[in-house]
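First, one chain by itself: the form predicted alone, in structure tokens.
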């Protein structure tokens, strides 16, 4: 709806009702999940049995809270480790990709750019299966040939990191490249004329300019890795990240512990997003 064009009262009411229903549709499931994280019941459903913190801090069964569930806490640590690794790798490679596609013209650059974008259109589960089949084929071939069993190519954290890295790097590249395109290259040229080396000019001028994009890309990569399920499911080994651990728990039956974990994830994701927004506004 265009504000400058006069609309009938019916049109305005209908439009406002649509907006309200849209946000209710988005927020209502999250609110329900959050509310039942405090329900003093063994099941996350009605009737309401009273308010409790047991699903967060309880230390006795059957109401063992999130912070006393060793399996859940171990899976959170695993997810954080994977997300940090993926963030560092994605930002490093994504920054190099952004410079490559923005600063250099070379043969088949268009083809290479399209290949970089392919992971975004391939379903995550297909991507995970492809990586699993390829790595298993290589590992089996090496074992059959020389008798070495390469554990790194078997399902485990390394494959999870590589699988998530394969598509998150593309998103990070696009985020950083979007800001790099707006950079005034004459600033680098001025530094070079004043005696700075190419590396010094990039380190002291270009990289500080890319700072907000680098931090934003790192936060996006961390959140996408932490919450990824499809690709991770195909590549995980014995050390399950949080999303896989929650999925396994859900198969056994839903409990308010999962609601509590979900609420903590929502709060953590929101805080990271607010920090990123605040930093970018400051810059």
Partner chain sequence: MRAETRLGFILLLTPLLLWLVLLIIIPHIDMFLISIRERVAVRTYETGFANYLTFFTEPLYLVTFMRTALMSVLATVMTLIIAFPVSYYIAKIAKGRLQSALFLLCLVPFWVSELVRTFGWMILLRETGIFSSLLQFIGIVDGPVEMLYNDTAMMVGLIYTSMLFMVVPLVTTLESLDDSVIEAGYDLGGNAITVTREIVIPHATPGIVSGCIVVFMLSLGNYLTPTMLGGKESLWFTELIYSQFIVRFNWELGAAFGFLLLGLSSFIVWIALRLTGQTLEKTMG
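Numbering follows the first chain given and starts at 1. Predicted model, so just to flag it, every value in this text is computed and none were measured.
Keep in mind that the form predicted in complex with its partner chain is missing from the display, and what follows is about it.
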| item | value |
| --- | --- |
| Heavy atom within 4.5 Å of its partner chain in the predicted complex - residue from 148, 113, 81, 183 | 113 |
| Residue among 88, 187, 207, 133 with a heavy atom within 4.5 Å of its partner chain in the predicted complex | 133 |
| Contact stretch among 35 to 43, 65 to 73, 49 to 57, 210 to 218 - heavy atom within 4.5 Å of its partner chain in the predicted complex | 35 to 43 |
| 4.5 angstroms heavy atom contact with its partner chain in the predicted complex for residue 237 | no |
| Proximity of residue 194 to its partner chain in the predicted complex, heavy atoms at 4.5 Å | no |
| 4.5 angstroms heavy atom contact with its partner chain in the predicted complex for residue 25 | yes |
| Non-hydrogen atom contact residue 266 with its partner chain in the predicted complex at 4.5 angstroms | yes |
| Members of 163 to 190 lying within 4.5 angstroms of its partner chain, judged by heavy atom, in the predicted complex | 165, 166, 169, 170, 174 |
